[in-house]
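A lone chain, given as structure tokens: the form predicted alone.
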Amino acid sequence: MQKKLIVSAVQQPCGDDNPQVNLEFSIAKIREAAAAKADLVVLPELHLGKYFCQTEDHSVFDLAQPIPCETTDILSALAKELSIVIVATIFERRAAGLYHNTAVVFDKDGSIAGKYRKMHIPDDPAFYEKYYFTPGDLGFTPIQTSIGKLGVLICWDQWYPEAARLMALAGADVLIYPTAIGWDKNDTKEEQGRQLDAWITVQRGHAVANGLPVISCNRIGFEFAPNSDSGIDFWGNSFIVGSQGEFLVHANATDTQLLTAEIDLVRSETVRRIWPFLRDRRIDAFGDLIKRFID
């Protein structure tokens, strides 16, 4: 495991109707990250196309791909060519009628180091993911790579401290959140501000509570819902924070940006020594956490 890593997050629009255009955009940014000597690059959630979960449409299942597939072959070859670790998410076709929102991690030698299937699946207006995705069954297991153990989670997972904690307890060196999240255009500016602040705060909290760096990578741009004048304004604001939740780099809400920062895993060790939260956890009193609600 490397002690210091240069890591990048690609904040990009993903709204082109042609998946190849979106993929080529991502590839260009991966090359840019590699030129900046990055060891790791993270792409937004479902970066190959528009966020299709705004409506329920069974024809969308035609977009799903098995793993491995042509897309993973392309990214595998790129990871090997550039000697860089890539985190990308795929609409996975596991079997007829069985689909997942899946992160695939490509190691520097081009191999698929592992997968993570999104565990928490939302079902809210404009985020109808339960229609498309079966909840993950691979657990909260970090993916071992040549640069360390990556605690990869996806979007809605980022609201759950349990997910981050379980990744940390399993030895993750960094927490990673590919994301597609934004505002309803009918929300007031005040409500938009509250939502964004909550999203940033909860993820910085995961960094603090677990003494781990966090990479959060979101898309940008307004995407109309099919056959509608409504849609989602993806709010960007991708960021990388250190193991005390301090911002290392933070994007704005609208611009395509390649965020790059150095994270120091030795510092994570130091932080955990002065804030030994794992030592002081009262695991003898946490049994009720596996209950839905305490009546």
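In case it trips you up, residue 1 is the first one in the sequence shown, and so on. In this text the structure is predicted, and so the values were computed from the model without any measurement.
What comes next is about the form predicted in complex with another copy of the chain, which is not displayed.
Contact annotation for residue 136: at least one heavy atom lies within 4.5 Å of another copy of the chain in the predicted bound form. Not displayed here, another copy of the chain is approached by residue 280 to within 4.5 Å at the level of heavy atoms in the predicted bound form. In the predicted bound form, another copy of the chain lies within 4.5 Å of some heavy atom of residue 291.
Another copy of the chain is not shown here, but in the predicted bound form it comes within 4.5 Å of a heavy atom of residue 204. Using a 4.5 Å heavy atom cutoff, none of 52, 62 and 68 lies near another copy of the chain in the predicted bound form.
Partner contacts here mean any heavy atom within 4.5 Å of another copy of the chain in the predicted bound form, and among 89-97, 219-227, 72-80, 167-175 they occur only in 167-175. Contacts to another copy of the chain in the predicted bound form (heavy atom within 4.5 Å) from stretch 186-202: 191, 194, 195, 197, 198, 201, 202.
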